[in-house]
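Below, in structure tokens: the form predicted alone, a single chain.
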Amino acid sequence: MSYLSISNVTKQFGDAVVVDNFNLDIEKGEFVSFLGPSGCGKTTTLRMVAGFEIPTSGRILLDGADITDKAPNQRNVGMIFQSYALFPNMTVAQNIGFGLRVRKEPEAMIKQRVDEMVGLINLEKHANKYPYQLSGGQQQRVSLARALANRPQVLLLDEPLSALDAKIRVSLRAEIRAIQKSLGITAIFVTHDQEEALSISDRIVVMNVGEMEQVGTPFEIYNFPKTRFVANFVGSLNTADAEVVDPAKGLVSMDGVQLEAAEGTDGRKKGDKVKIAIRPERLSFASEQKKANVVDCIIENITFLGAVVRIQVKIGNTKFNMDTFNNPFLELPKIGAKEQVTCSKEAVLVLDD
């Protein structure tokens, strides 16, 4: 039995269906990210787990107990918000111990737990400071410690890094993941940032207009997207219209150029119109390494992106981007040159609508 079970959950506001028949089982100690654009229902789903919203239908079970209709203070969950939500008139230590004092825990136990949490977030020298004396990253660490101080069964994080600058976001997300692993706590992380979700999650739930598009590990979500939305939302992608030539062999035709796909043509018929996708990094020059698919192309443009060089090629009538790592000895073709590019059949994704 899963530790946290969200079963057939739907949430409506008036006639608007914000979350539609959401089903997910989360294991104890798992770190799951809800990933999707604004308005896709990810935060509403999180708020239903927290108790700030009640599902229109469906049930939520935590460690076998039904918490669907319980108030937030009746379910043992910790929540971290984007805005930190610290009390400005309390010190770091007082903020962290606030929930424990509300529970009327003994002062000796509160002090011990606060000391543990201050050490966990590496802010021992700042325990007596007020929030305005801390950086944004430090304030969010205090928010994390406050949520963990009560020993919640589930930690909920609602876009906690979006207000921070890029470098702090990267370091803090690594800290959050390390702390979550060390404590073995179950966590749900809401984000619209694909890099965040890919870098720290055990599993990712990609959401769109209130529905789950795909659930899988970061490796599965990136390399084997099941729908057009997932393929386009997660990572850079080349897409093109194609036609099924031989479903049994996985052959499709794009502008008269034939490509072989590893999967995605099962159940389709010859002549079916499909959308194919290839990640830029899965393409390479045929002179470097020949794979299942070798096609002619014309070099359209070359762009330096630091560690990566992006080469735009024209295959048939379709323009594709090809990414290769930059190095001082990289030999690049001239714009307008005729070349051959190659990719494996596994790189050619035939997407569902």
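Source: prediction; values computed, not measured. Note that residue numbering begins at 1 and tracks the sequence as displayed.
Same protein, other form: the form predicted in complex with a small molecule, not shown, and the subject of what follows.
- Residue in contact with the small molecule in the predicted complex (any heavy atom within 4.5 Å), chosen from Val49, Ile311, Cys297, Cys40: Cys40.
- For the options Asn321, Thr44, Ser284, Asn293, the one in contact with the small molecule in the predicted complex, meaning a heavy atom within 4.5 Å, is Thr44.
- Put simply, His192 is close to the small molecule in the predicted complex: some heavy atom of it is within 4.5 Å.
- Remark: Leu24 does not count among the residues lining the small molecule in the predicted complex, judged by a heavy atom distance of 4.5 Å or less.
- In the predicted complex, the small molecule lies farther than 4.5 Å from every heavy atom of Asp202.
- Heavy atoms of Glu196 never reach within 4.5 Å of the small molecule in the predicted complex, leaving it off the interface.
- Residues with any non-hydrogen atom within 4.5 angstroms of the small molecule in the predicted complex fall in just one of 302 to 310, 322 to 330, 64 to 72, 32 to 40: 32 to 40.
- Within 4.5 Å of the small molecule in the predicted complex, a heavy atom is found for all three of Phe13, Val18 and Glu159.
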